[in-house]
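Okay, here we've got a single chain as structure tokens, the form predicted on its own, with questions on binding and movement later.
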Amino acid sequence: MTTGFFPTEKIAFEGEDSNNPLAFRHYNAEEVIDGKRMEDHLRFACAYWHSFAWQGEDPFGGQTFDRPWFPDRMSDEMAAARLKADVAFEMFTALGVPYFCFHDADVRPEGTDFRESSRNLEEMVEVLEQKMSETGVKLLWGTANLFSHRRFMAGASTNPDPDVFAYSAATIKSCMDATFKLGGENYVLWGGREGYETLLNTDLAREDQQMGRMLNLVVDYKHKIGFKGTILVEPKPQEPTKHQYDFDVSTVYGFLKRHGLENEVKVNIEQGHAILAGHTFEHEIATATALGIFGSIDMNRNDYQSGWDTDQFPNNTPEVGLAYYHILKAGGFTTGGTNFDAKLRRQSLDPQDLLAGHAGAMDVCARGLKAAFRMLEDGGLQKALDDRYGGWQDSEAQNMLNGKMDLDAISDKVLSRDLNPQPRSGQQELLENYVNRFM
């Protein structure tokens, strides 16, 4: 028996000629690309928080959504949480996504103390476990909300109060236990308020030490309980704090190296966060693959006229295609996947909007994936790279890199051969035109 919240129980693939707003035009889960089903390439997941916990508020206005499980509609908070789970899994099933993701605060009500919050989470884990068994939907990753409650206003692991650090560690443990029990394939840490609003009251060295210690505690606990999934850190440069310590992929890698965790932790990269950092999505993915720490992605987009993280559903095929190009080039996802960390606009009130937003985004990703594979198969971008850096294949060029030539030897080479190198075109416009051929 369904709740009847959504207007359809299943969104089907109908092909490019379909005019049905609740049908897939490009995403065909069973389509095989390079020997693998499209579903297995993309590994879609839906975010519990934006779809079912967010009420439509923004910094200038309150709730716009009216959902039957919201506090103003149901006084029994645990009954509301169970209804929310029913509706969530109806959406996951209607979309045919293989995974979902959640924070603890998304699925359980806040208790009066840590013990009650933990009991609520444990009870809801039993509910989720049953729903997963009934539907076959799996958990891509779990995480802890260490940023919404006022106790975290000065951070979680970086908080000046050691009691908040301890509370945060205990919360992470409870969420890792929940993720482990539900068979989650990853565990994510997003430092929502791990940063500062002013340096006047911030000890940067101390906060770095605390944050490093917390991540080491997480990795140690992973091995203690036998969790085989990947620990992921999600970079974000700003918002809600003035400056956040996990600014971008390169910053995270430096942090991991500093604390001896570069072989233990990978990154979960969000498109919107990449834009806030002044990068492109493909830049962050390419950086992570080059450094060996690529794990998973949060798929969304920002409004380029806004200075904040708007978390809109993706609709730019070239951006998405280039992102998947770098993912496929690196071998594709292992434990990671494509999580839609995206939310409706606060004027999009209807349940149909929630289905349409996800279905359209899944189509955009499918188009991007197919374009990325065609570019890889064609090999034009790789050939351009090989040609551009081809001189480095020379043995003497390699000697400059591997330490067999010092500055004196290199200088002698330039003088003895009267080297006078001339610049060569980077052919950016030709390459951009090449990419557009596949989109």
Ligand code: XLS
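Throughout, we count residues from 1 along the sequence that is shown. What you are looking at is a predicted structure, and each value in this text was computed from that prediction instead of being measured.
Another form, the form predicted together with this ligand, is not on view; read the next lines as being about it.
Although the partner is absent from this view, Tyr196 stays clear of this ligand in the predicted bound form, with no non-hydrogen atom inside 4.5 angstroms.
When contacts are judged by a 4.5 Å heavy atom cut-off, His279 does not count as touching this ligand in the predicted bound form. The shortest heavy atom separation between Asp309 and this ligand in the predicted bound form is within 4.5 Å.
The closest heavy atom approach of His273 to this ligand in the predicted bound form falls within 4.5 Å.
Heavy atoms within 4.5 Å of this ligand in the predicted bound form are found in one stretch of 135-143, 177-185, 81-89, 253-261, which is 135-143. A heavy atom within 4.5 Å of this ligand in the predicted bound form is found for one listed residue only; from Phe70, Phe373, Trp49, Phe65, this is Trp49.
This chain is drawn without this ligand; in the predicted bound form, the residue among Lys266, Arg367, His103, His326 with a heavy atom within 4.5 Å of it is His103. Shown without its partner, the chain has no residue in segment 403-419 with a non-hydrogen atom within 4.5 angstroms of this ligand in the predicted bound form.
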